[in-house]
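As a starting point, one isolated chain is supplied in structure tokens, in the form predicted on its own.
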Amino acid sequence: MNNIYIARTSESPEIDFNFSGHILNITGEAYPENASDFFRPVLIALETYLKSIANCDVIFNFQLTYFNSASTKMLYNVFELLNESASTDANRIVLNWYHDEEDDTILEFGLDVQEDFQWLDFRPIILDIAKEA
């Protein structure tokens, strides 16, 4: 299965899905003009990958600093696929949830994800955005 890399733009996040290494990264901000068009190929590739593995350790690094409501719906589709894979295929999926210490919105969204997708091993990680810049 081919890995996916989509470079970050001013409106869309970087997608770096290293399927062979089982490390999936999403970084940046997500408010593409058409979230469905942007995320559709990502979701298709992710679903194909998840159907091809079992009893596997997968790391999903989530490091978005902003996303609009249309992207939120697509992100929930991503988490649904991950959660389903963890519950039915015995995959162990760690969701590293990076957030700025002062960004309660991102953390609260992550806590909602944790509550809604309980098969994911949710791990909040404080990130000092000022040092990253």
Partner chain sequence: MHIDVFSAFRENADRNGILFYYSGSLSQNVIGAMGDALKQRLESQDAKGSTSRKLFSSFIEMVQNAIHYSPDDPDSNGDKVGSIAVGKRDEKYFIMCGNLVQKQHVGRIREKLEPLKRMSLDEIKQAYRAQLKNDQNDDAVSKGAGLGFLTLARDSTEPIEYALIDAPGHENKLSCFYLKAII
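All of these numbers come straight from a predicted model, not from anything done at the bench. Positions refer to the first chain, counted from 1.
Below, we refer to the form predicted together with the partner chain, which is not included among the displayed structures.
Would you kindly say which of N96, T27, T72, S87 lies with a heavy atom within 4.5 Å of the partner chain in the predicted complex?
None of the other options qualify; the answer is T72.
Would you confirm whether the three residues E11, T105 and E108 all fall within 4.5 Å of the partner chain in the predicted complex, going by non-hydrogen atoms?
All of them do, each having a heavy atom within 4.5 Å of the partner.
Does the 4.5 Å heavy atom contact test between N68 and the partner chain in the predicted complex come out positive?
Looking in the predicted complex, residue contacts with the partner chain include N68, since a heavy atom lies within 4.5 Å.
Can D37 be called a contact residue for the partner chain in the predicted complex at 4.5 Å between heavy atoms?
Heavy-atom contact with the partner chain at 4.5 Å: absent for D37.
D57: touches the partner chain in the predicted complex, heavy atom cutoff 4.5 angstroms
No - in the predicted complex, heavy atoms of D57 and the partner chain never come within 4.5 Å of each other.
Taking the partner chain as it sits in the predicted complex, is E47 near enough to touch it, meaning that at least one heavy atom pair lies within 4.5 angstroms?
Result no; E47 lies far from the partner chain in the predicted complex.
Quick one: which residues from 13 to 50 get a non-hydrogen atom within 4.5 Å of the partner chain in the predicted complex?
If the 4.5 Å heavy-atom criterion is applied to the partner chain in the predicted complex, 13 to 50 yields E29, Y31, P32, E33.
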